[in-house]
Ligand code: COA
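Taking the form predicted alone, here's one chain by itself in structure tokens.
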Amino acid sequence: MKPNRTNLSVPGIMEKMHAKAIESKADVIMFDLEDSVPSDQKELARKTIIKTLSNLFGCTRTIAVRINSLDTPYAYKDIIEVVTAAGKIIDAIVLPKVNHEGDIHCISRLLDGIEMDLNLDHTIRIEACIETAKGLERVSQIAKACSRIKSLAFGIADYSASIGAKLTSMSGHGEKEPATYPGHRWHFPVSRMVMAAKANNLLAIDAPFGDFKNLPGLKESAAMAAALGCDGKWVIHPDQIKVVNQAFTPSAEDIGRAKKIIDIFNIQNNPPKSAIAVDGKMIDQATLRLARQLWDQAVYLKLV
């Protein structure tokens, strides 16, 4: 699966931002129809996104569209209008506030029909946003709902609202956390989501960091997400891309360590053994899997 280190959210209504987003270094460009678009401009936002995507045929960027949640009167039109017009360029649909696996089934069936109608040569994937208490409670069932799902993403602001957590910053997206809670306030929900994702061979994507001018805070937030097993993070401003990409890109030291583990295991594991000792440290099959995952990512990113 392509890297999803950075998922740049771009307001669907802001056409002037679209070209800059496409030219950015973000791994995924996500055109947004939900929170960044006022209710009276949903139709215009759809038309604006369709116009932009219609000019991107042949583009190799990973393109996603975040539709409105299924408890609104907008979602079905988002799917039908945008995917029908631009399905050939869309890689994934981002579905907000997934509370039940039935939400995934609903969207997947709609996509089935559109793909057949357009005779698409690729399958449009789904990113399921886990941003409510109900969604987290059923995250395992959601993760295995259908083969279209490629990733789970944590929605920090809506999740906070769903559990009645205190609003500690202007954006509600992760700032001032150290002063709020003695530890990582969202350790459990993020870890729970990561576990469900990885148990089903999906990517896990962390929530955005709202204070886009606070790059040290962003770096800390991204490092924590990577340590918990996330594969990437949403970003809301182009200035955040470099920091987040770095957090989820293997360092030269990491790559060297992975290569050493793979090489040593290949050389010393003959006849085959479940584990070997190197410099007083154990290297087993789990260690080898971690090393190979990191090496494969480095190869894809052309770091080796």
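All values derive from a computational prediction rather than experimental measurement. Residue numbers here begin at 1 and follow the sequence given.
Although not depicted, the form predicted in complex with the ligand is the subject of the following passage.
Colleague: Using heavy atoms only and a 4.5 Å cut-off, determine which of P96, G232, G135, P208 is in contact with the ligand in the predicted bound form.
Modeller: That would be P208.
Colleague: Check each of I13, A21, L294, I283 and return the one that places a heavy atom within 4.5 angstroms of the ligand in the predicted bound form.
Modeller: That would be A21.
Colleague: Pick the stretch from 40-48, 250-258, 53-61, 237-245 whose residues have a heavy atom within 4.5 Å of the ligand in the predicted bound form.
Modeller: Flagged stretch: 237-245.
Colleague: Is there a heavy atom of F212 no more than 4.5 Å from a heavy atom of the ligand in the predicted bound form?
Modeller: Residue-level check for F212: yes, a contact with the ligand.
Colleague: Going by a heavy atom distance of 4.5 Å, is S69 a contact of the ligand in the predicted bound form?
Modeller: Looking in the predicted bound form, residue contacts with the ligand do not include S69, since no heavy atom lies within 4.5 Å.
Colleague: I'd like to know whether M17 contacts the ligand in the predicted bound form, with contact meaning heavy atoms within 4.5 angstroms.
Modeller: Yes, M17 is a contact residue.
Colleague: With the partner left out here, which residues of 24-45 have a non-hydrogen atom within 4.5 Å of the ligand in the predicted bound form?
Modeller: Contacts from 24-45: D32, S36.
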